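Okay, so here's just one chain, in structure tokens, the form predicted on its own.
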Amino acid sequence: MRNILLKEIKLSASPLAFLFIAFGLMFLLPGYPVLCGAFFVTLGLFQSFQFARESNDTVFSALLPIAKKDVVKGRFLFTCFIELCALLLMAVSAVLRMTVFVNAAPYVTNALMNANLFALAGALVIFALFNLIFVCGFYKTAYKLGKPFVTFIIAAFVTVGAFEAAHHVPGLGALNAFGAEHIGLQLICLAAGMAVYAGVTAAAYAKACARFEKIDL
């Protein structure tokens, strides 16, 4: 498993995938839909898939003395590695906003969603959608990128809009809590986001393996 991941990092990945991890810091931006940072991270991953396709990496990987499912596993491991690195930056940014900058004027007067644990759950949902719609969708052909990514873009921005609008729904204002307010609810939301990410990613991986086994490269 370690060697498969190292192969993806050293040979298959586009530098943009690593560079776009920094978009996790968008959680520090006031007056901006912070979940767009999660989308930009996936945009870097898309560039990595495109780079690998143009360099014929899928065929190269399939010719290695490993099972076809391990080719898929390597790409999923790399995708999750980038996503979790970005999530770490988002978490650090959210904690700073919930503690050090909790009373800072730009954040207090922010009309958009706060960067809290609920926002981290939203980022996990977007990453889960990317893994299901795009990564799994890619392995339907192991070549076509456009259709699954466009489908993901639509799903991602509908999700961003839903999370941004959630705290405006009567009775759901606590989702936009400042600092440690409603921390119990925030933790429940984060746990739910983690469960969604793990479950959806596992299902996407299993389906992608089944699809890739049927492809005659």
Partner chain sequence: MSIVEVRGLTKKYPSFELKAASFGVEKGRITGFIGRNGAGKTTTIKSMLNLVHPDGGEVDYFGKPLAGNETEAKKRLGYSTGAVNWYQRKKIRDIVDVVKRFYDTWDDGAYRKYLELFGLDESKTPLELSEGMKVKFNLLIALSHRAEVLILDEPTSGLDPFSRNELLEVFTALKQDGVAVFFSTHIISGIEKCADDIVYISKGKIVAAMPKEDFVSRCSAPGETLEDTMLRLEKE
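Residue numbers count along the first chain shown, from 1. This structure is a prediction, so every number in the text was calculated from the model and none was measured.
Below: the form predicted together with its partner chain, not depicted.
Novice: Please state whether all three residues Phe51, Leu64 and Ile215 have a non-hydrogen atom within 4.5 angstroms of its partner chain in the predicted complex.
Specialist: All three within 4.5 Å in the predicted complex.
Novice: Among 38-46, 180-188, 162-170, 54-62, mark the stretch whose residues have heavy atoms within 4.5 Å of its partner chain in the predicted complex.
Specialist: In short, 54-62.
Novice: Just to confirm, Thr201 within 4.5 Å of its partner chain in the predicted complex by heavy atoms?
Specialist: Contact check for Thr201: no, nothing within 4.5 Å of its partner chain in the predicted complex.
Novice: Taking any heavy atom pair closer than or equal to 4.5 Å as contact, tell me whether Val196 reaches its partner chain in the predicted complex.
Specialist: No, Val196 sits far enough from its partner chain in the predicted complex that none of its heavy atoms falls within 4.5 Å.
Novice: Just to confirm, Leu19 within 4.5 Å of its partner chain in the predicted complex by heavy atoms?
Specialist: No, Leu19 stays farther than 4.5 Å from its partner chain in the predicted complex.
Novice: Is Ala206 close enough to touch its partner chain in the predicted complex, meaning at least one heavy atom pair within 4.5 Å?
Specialist: Because no heavy atom of Ala206 falls inside 4.5 Å of its partner chain in the predicted complex, the answer is no.
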